[in-house]
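Next up is one chain by itself, shown in structure tokens, the form predicted alone.
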């Protein structure tokens, strides 16, 4: 039997994509010996296309392209960018499995998402469709984090894996707030993304 290809999936709104996303993707690539990591921007429903102070769909996609361009094992996936906007993760993963029977998927999420996982739409179907790779957080003691993983394994009979990555305590919301406050975002995002945000004035004037 041929060995299955191993693909990581980094989903999110990426508004904007920041170094925390990139570090998670790169760490998962090496730790779990993945073939590629797909960065998959989530679509916005048509009625939420033009949100004040946020990037539109094209800008978010363009920022992902810029952020991952220099990494040969990072790829942009447009699977969740469609006319209807938002799509549920379980539907995306089940479709990807059907279209790629030779591939094993690793869905990469943060510790906060793990805490809320049972509130997601069809969490058992997500767990059945992929390996779920969860980034650790420095604020969470290892034994507590391990207990959280074990709880979800027992609840959903899935393969929940630990990703050993530093917690940088950085979020897209933090970056938008810094811009609104007139603070620098240098090194919070890649330089290409920073220049793009500055040129487009997506979130306001940059320092």
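Numbering follows the first chain given and starts at 1. Just so it is clear, the model here is predicted, and its values are computed rather than measured.
Beyond the structure shown, there is the form predicted in complex with a small molecule, which is absent from this document and is the topic of what follows.
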If we test each of 112, 94, 75, 122 for a heavy atom within 4.5 Å of the small molecule in the predicted complex, the one that passes is 112
In the predicted complex, the residue from 148, 168, 161, 155 with a non-hydrogen atom within 4.5 Å of the small molecule is 168
Here the chain appears without its partner; judged in the predicted complex, the stretch of 86 to 94, 123 to 131, 67 to 75, 102 to 110 with heavy atoms within 4.5 Å of the small molecule is 102 to 110
### Query
Looking at the small molecule in the predicted complex, is some heavy atom of each of 11, 24 and 173 within 4.5 Å of it?
yes
Worksheet item: Going by a heavy atom distance of 4.5 Å, is residue 194 a contact of the small molecule in the predicted complex?
Response: no
